[in-house]
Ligand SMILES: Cc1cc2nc3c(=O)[nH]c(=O)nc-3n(C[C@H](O)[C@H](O)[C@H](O)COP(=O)(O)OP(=O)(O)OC[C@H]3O[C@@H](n4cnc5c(N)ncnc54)[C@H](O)[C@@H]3O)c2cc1C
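In the block that follows, a single chain appears as structure tokens, in the form predicted alone.
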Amino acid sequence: MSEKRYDYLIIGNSTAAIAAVEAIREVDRAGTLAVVSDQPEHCYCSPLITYCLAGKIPEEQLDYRPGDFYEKAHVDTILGAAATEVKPAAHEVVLADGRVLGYGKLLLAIGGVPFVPPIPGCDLSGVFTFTRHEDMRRVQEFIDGNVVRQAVVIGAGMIGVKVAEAFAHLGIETTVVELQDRVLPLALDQVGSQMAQHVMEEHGIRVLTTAGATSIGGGSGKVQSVTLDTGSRLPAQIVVVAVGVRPNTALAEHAGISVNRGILVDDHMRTSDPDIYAAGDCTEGFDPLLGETRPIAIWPGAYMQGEVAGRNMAGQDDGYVGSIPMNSIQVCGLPTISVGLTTPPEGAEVLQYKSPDGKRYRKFFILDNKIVGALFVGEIDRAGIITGLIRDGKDVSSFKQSLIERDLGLLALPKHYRKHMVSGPGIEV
């Protein structure tokens, strides 16, 4: 029998969970609500942990909501306690310490888990993944307690690039090893990646592409080097493995809930169990550009999913319309954004512009007169307009040439669309 039963129980303490709490409380101020998380910290902004590692921001700035957020929302917090089993028939969740909690409606907002390839030596001291607050603390403690002169980051995706940037900022000689032919391969094309790699190298980061790590060597239990498939060996006193993150589906699978690459949900964020919802990086979200569901690990999408889940858990009828994939990352001061598709689909027209000084780059994929993908490097101030055009499926045939011109702004758009985007007293568009 459960020790306590909640009307709403949320497993997870990040973006989707916070959105669900806020949505539930908009509808139901009285229902009992609890948040369970295996992480002991208050809710925090995970994209900022590399900035905290680099010493660019204090730890207090990681908070995603004020310290009294849960108290004011009348939420019980059970932090630092992992949920180990969901029992749908009994409407119970079992925690690692043996406690059993009952629920009326349950939300799984359990995020993703880092993928660690079977590279020999990954179990050595000094080898880390880097997706959570506790990873940042462990890396900080390791650097403080050891002589760390050289680092190797395996993987040049968004996490790998930001960790490398943090290491370089700390004065650690850093090498990034990427199996594919460019950095940020899922977010940028060849031109954009070359610009990102150039600025990384300007900041002292060595970048090796089309290179795979085959083993991690060590002595006395500590990491000492990384060997590549070329046979070369990179000295390293710390290694971060950042080759990707997968939806965390273990709890759902063990509970008999339908899972594919992520937890399967309907447009109400409801799983195959009518009283269990899921939101955020653990799910497969709907991609309106492709017309299919797939894991889309983006911050805004997680919030929208959590919001929809919370409203429906509280009895409202709200539908999730899907998220457009978006990657936004600043690489050593170089801003980059990709929206929608990052490779042109068959039959797409490609428009692109690169400034004469090579510091600004824009690229668009247009299919059936609609933008289906866009890249911005070095200058991102029009990305919001373009994102709106993609989201709304706007016909851009009458002004598509303006897309790559520097002066693209609201006045370049058709008047009826400007009115759709901007309205209010005293505003003339």
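For clarity, every value in this text was computed on a predicted model and none was experimentally measured. Counting begins at 1, following the sequence as shown.
This next part talks about the form predicted together with this ligand, which is not shown.
Give a yes or no on whether every one of 111, 131 and 158 sits within 4.5 angstroms of this ligand in the predicted bound form by heavy atom. Contact check passed for all of 111, 131 and 158.
Taking any heavy atom pair closer than or equal to 4.5 Å as contact, tell me whether residue 28 reaches this ligand in the predicted bound form. Contact with this ligand, no.
With heavy atoms only and a cut-off of 4.5 Å, decide whether residue 297 touches this ligand in the predicted bound form. Residue 297: yes, in contact with this ligand in the predicted bound form.
Might residue 339 be said to contact this ligand in the predicted bound form, defining contact as any heavy atom within 4.5 Å? Flag for residue 339 set to no.
4.5 Å heavy atom contact, residue 36 and this ligand in the predicted bound form: Contact with this ligand, yes.
Which of 369-377, 389-397, 356-364, 41-49 has heavy atoms within 4.5 Å of this ligand in the predicted bound form? Only one stretch qualifies here: 41-49.
Could you work out which of 195, 331, 184, 83 is the residue within 4.5 angstroms of this ligand in the predicted bound form, going by heavy atoms? If I apply the 4.5 Å criterion carefully, the residue I get is 83.
Note which of 248, 323, 227, 77 lies within 4.5 Å of this ligand in the predicted bound form, where distance is taken over heavy atoms; exactly one does. Going through each option in turn, the one that passes is 248.
Give, in sequence order, every residue of 279-293 that has a heavy atom within 4.5 Å of this ligand in the predicted bound form, or say none if there are no such residues. Going through 279-293 in order - heavy atoms within 4.5 Å of this ligand in the predicted bound form - the hits are 279, 280, 281.
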